[in-house]
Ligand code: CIR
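The chain below stands alone and is given as structure tokens, in the form predicted alone.
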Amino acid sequence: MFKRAIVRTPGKSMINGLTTAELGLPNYENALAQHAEYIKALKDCGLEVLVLGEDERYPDSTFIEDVALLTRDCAIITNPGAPSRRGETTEIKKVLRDYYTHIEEIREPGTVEAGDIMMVGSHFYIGLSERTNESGAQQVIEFLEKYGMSGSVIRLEKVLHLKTGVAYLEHNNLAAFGEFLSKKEFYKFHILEIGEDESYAANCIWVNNRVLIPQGYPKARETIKSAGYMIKEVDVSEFRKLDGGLSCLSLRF
């Protein structure tokens, strides 16, 4: 169960954020409204939410998940593969000192973005992507083992981040689409298949016995609901324009 979440308000500079989506520029006022609804959804799930102010220096800084991995015993400050995001780690490290005694940091030549890391109990699956390299992944695994946890790597073929295409929803259930339907690493899980036409909904999050999913994906909603979950839909369409999703917008711990 999660107790807290940390989010960062999007800045006006978000229109300059990294993207491959080709969906046009985000509307800033709409993004603020959607972000407020996202915060409300987290609170409705019982979380205490720390809202950090916008940081105009970093257009992608609202996607706060990427700059730290929060575990039961330690926080790991990442080294984002996108050079324009690396300055974000300084600020999040200061914030996390209020919550963690043990804070580790990924060092060059390692790169890691935590959107590539999926927690399943005390084990962490780490996607090797354009943003997360072998050196970074091995550093994460060493830190996890230091605190009695474990990790393993998965090579990604098409998606930006691991959690772009797969989400662990507890109770041995994975929501997944595309390349993740046949990954040998996931054979032991019960797969909730998300269709290619609604693939964006694979980036959903389990929060204290509810599943938050992006609004507007009815087939994915029914697939997840049929597995026994309470569903909360959240509109994050403005963030989709920047390759972002529900998991990217918060650190949950």
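These numbers were taken from a predicted model, which means no experiment stands behind them. We number the residues from 1 along the sequence you see.
There is another form of the same protein, the form predicted together with the named molecule; it is not shown, and what comes next is about it.
In the model of the complex, residue 18 approaches the named molecule with a heavy atom inside 4.5 Å.
By the criterion of a heavy atom within 4.5 Å, residue 183 is excluded from the residues contacting the named molecule in the model of the complex.
The named molecule in the model of the complex is not approached by residue 251, whose heavy atoms all lie more than 4.5 angstroms from it. A residue is said to contact a partner when one of its heavy atoms sits within 4.5 Å of a partner heavy atom; residue 233 fails this definition for the named molecule in the model of the complex, lying far away. Exactly one of the stretches 160 to 168, 134 to 142, 98 to 106, 71 to 79 approaches the named molecule in the model of the complex with heavy atoms within 4.5 Å, and it is 160 to 168. Of all the residues from 85 to 111, the single one having a non-hydrogen atom no more than 4.5 Å from the named molecule in the model of the complex is 85.
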